[in-house]
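Before any questions on binding or motion, here is one chain by itself as structure tokens, the form predicted on its own.
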């Protein structure tokens, strides 16, 4: 027994030893960047002639402004709405993929196409398709729904952010679908069939059998998508409605200001984004773990 324990311990130590070069690089790159961001946000930047460390003046100035809270609201609004819409569509598509229908083999490849296309291309497509002079407005005018393309409802460059949300959803639906579909393939359909035999209707099967089983895929995929959406810069910068901007755009403006000392304010903004996202994601995981324990999964 002791020999078996020693062997397992040696294998574990050997595994960590093999991973140590990669872990060291990750620690230096990501941990170092995080530490540098925090110390700069607290006033340590002697290369800019600023050294008031430790000082919370940059956080105070940031959090004390009304525009920060407006920007935070927009950031969370775009991230949450797009993640929820992508999740609903992803679950629906994953449920369809586990069934047989004509053209399924082709569709299994087609729905993954946005994963291979950069976000910047998606943003360009949104401008071409959804702008007031875009293809949809011109088609609406051609078929007589509106008298002129300029009368098409403005989707881009508004704080409603439907263009931003559309880009996020377009890109993330395939990712969420793929994650949930992989989980559904692993669990099979035996429990759903058993529930149907016992008299459960479709809604009961979906809510009480399928959804609890696919929660690992739901949680993992939505965590990644939400975290990305909170920190995304390109879509809000190009498709957003201007001031107040989302927090990543606010940080970018600080970093590109002629007054280079404002970079410390930008670092305070970046750290604020990380704090807010970290609190939300940690709470989300805590709720999920409580749900797992409630249904008897550890």
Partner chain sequence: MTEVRLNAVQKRFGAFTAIESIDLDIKSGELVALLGPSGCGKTTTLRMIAGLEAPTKGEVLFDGHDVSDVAVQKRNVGMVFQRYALFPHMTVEKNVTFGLDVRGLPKKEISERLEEILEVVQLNKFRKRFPAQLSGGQMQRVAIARTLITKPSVLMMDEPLANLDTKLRGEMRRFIRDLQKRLGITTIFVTHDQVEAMELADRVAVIFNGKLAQFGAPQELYQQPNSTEVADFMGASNIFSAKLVAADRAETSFGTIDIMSQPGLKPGNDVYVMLRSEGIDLYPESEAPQGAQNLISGKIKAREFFGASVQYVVGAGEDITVAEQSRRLLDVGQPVVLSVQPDRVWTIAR
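Remember, it's a predicted structure, so these values are computed and weren't measured experimentally. Positions refer to the first chain, counted from 1.
The next section is about a form of this same protein that is not shown, the form predicted together with the partner chain.
| message | Residue-level question: is residue 95 within 4.5 Å of the partner chain in the model of the complex, judged on heavy atoms? | response | Because no heavy atom of residue 95 falls inside 4.5 Å of the partner chain in the model of the complex, the answer is no.
| query | Wondering, does residue 213 line up within 4.5 Å of the partner chain in the model of the complex on heavy atoms? | reply | Yes, residue 213 sits close enough to the partner chain in the model of the complex that at least one of its heavy atoms falls within 4.5 Å.
| Partner proximity in the model of the complex: residue 204 to the partner chain, non-hydrogen atom cutoff 4.5 Å | Flag for residue 204 set to yes.
| query | Is residue 150 close enough to touch the partner chain in the model of the complex, meaning at least one heavy atom pair within 4.5 Å? | reply | Contact with the partner chain, no.
| query | Of the residues 209, 165, 184, 91, which one places a heavy atom within 4.5 Å of the partner chain in the model of the complex? | reply | Result of the distance check: 209.
| message | Please identify the residue among 124, 140, 76, 195 with any heavy atom within 4.5 Å of the partner chain in the model of the complex. | response | If I apply the 4.5 Å criterion carefully, the residue I get is 195.
| field | Candidate stretches 171-179, 195-203, 114-122, 218-226 - the one whose heavy atoms come within 4.5 Å of the partner chain in the model of the complex | value | Every other range fails; the passing one is 195-203.
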